[in-house]
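The data below hold one chain only, encoded as structure tokens and taken in the form predicted on its own.
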Amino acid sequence: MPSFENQRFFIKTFGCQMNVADTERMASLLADQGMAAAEDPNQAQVIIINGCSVREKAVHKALSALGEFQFLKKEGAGPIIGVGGCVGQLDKDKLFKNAPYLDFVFGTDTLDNLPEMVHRVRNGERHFVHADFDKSLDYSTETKVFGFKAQAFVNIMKGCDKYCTYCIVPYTRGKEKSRTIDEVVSDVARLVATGVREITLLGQNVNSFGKGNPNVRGRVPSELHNIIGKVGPRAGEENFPQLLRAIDQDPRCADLQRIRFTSSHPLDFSDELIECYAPASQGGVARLATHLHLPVQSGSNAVLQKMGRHHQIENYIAQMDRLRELSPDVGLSTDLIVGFPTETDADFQKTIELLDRVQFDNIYAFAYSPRPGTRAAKMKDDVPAKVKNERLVHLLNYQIKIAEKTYASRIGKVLEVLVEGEAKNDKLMRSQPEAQKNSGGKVWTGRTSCNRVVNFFSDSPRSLIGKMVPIRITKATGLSLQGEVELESLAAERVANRFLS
């Protein structure tokens, strides 16, 4: 296949972390062919839309972007345009009907063939679809990161077998398949050697990781349990706590600072996984970030039953209580859907009560929209749009008040922040004294172990990306924290010298 040197690509991404990771992979694949990334689609010879089908609004955004790019096509000339992700997997050749200028469509299991697909268009092929699922039972891959990154997403499994009534993911990502623990650990070790200091392990339901993979090394825990009994992979198979412990204990990963993961399902959320959050001195996983994203979707058991979630709110709360016993500072976030069919005012109030009870740091909330092909789409969408929107606004405003309190509780504390890059908002920079403004300093942004965003000023001329910096928190909002580099005590100074050198 010929290279595409002196050519540029532009990828527009919508959706979850899985799509973000897929975009990183596509960018790396195209870069391997000699292409460079373009910041502006007008500069690109190849444009890819990586679309999401989980919610109606996300689909509309992807299709709207596709419509905007049609003006770059002029009498058969212009950039090559492709659509992938869950939108490509689900809609396939239907996309050509409303967008005849679209060149090709590909699915979630075929993105590794992107350079070949671009080459096919270059050689005159158009309007083809490459969206077959991989039929093999095994799942093997190697994480690709585009450019230097302090953080990396690592796919450990793909697909979902839960089939929640509202969710299209099992139809766009296929059935669950897991990589082996040995392969994932070696993959992480390779990333750490390139400078990655934080990884996020990805899967539609990481709590199901390992199903079907024999536990040939006899790793522990051998079985998983929670309040409802045995869960997750069977005895004799690999499982997610085994993976966390294997990464944490591998000497090749010694420079790794944090392990995160998403997403989880409460039904398979195990006691053994909760135990990983304990302090290392008590048998926990030392590098595991003190953050958990565990989608609950509703505070009403009646609604959860109609959603096909099969977990009970009482059990969910018990799990969160146990987690906080072992890790009091853990940051909790969740997903919520309002306006699901038959949701009453009383059902919605139970969701509000759940926020009061659990005290989430953050929520991702959405108004229900039926997705074609799901079981819920056959239900009567009986909650008026106005009511859905009112409930959503009320929920988000209610959560902001909770977050303001939880974030404010961090003022005065020193937290270690893994720096991700320069802050986009220069408000903090404008508040600095003139001498510091002229020092060449910058405002940086990063996250704490509990996943709180922190912005801070540093007059150091060095890049802090990928560094772990001790920050004393000085201000808080319901969305982020502000702080100052902590160098006051000798102990803090030693930490700073260690990480800023």
Ligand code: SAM
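Remember, it's a predicted structure, so these values are computed and weren't measured experimentally. A residue's number is simply how far along the shown sequence it sits, counting from 1.
There is another form of the same protein, the form predicted together with the named molecule; it is not shown, and what comes next is about it.
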property	result
Selected contact from S327, Q297, Q319, Q242, since only one has a non-hydrogen atom within 4.5 angstroms of the named molecule in the predicted complex	Q297
The single option of C253, L354, A367, V419 touching the named molecule in the predicted complex, heavy atom within 4.5 Å	A367
Region of this chain that lies against the named molecule in the predicted complex, out of 145-153, 212-220, 98-106, 160-168 [heavy atom, 4.5 Å]	160-168
The named molecule contact in the predicted complex: V184, any heavy atom under 4.5 Å	no
The named molecule contact in the predicted complex: R309, any heavy atom under 4.5 Å	yes
4.5 Å heavy atom contact, E237 and the named molecule in the predicted complex	no
is_contact(V54, the named molecule) in the predicted complex, heavy atom dist at most 4.5 Å	yes
Sequence-ordered list of residues in 398-414 near the named molecule in the predicted complex, where near means a heavy atom within 4.5 Å	none
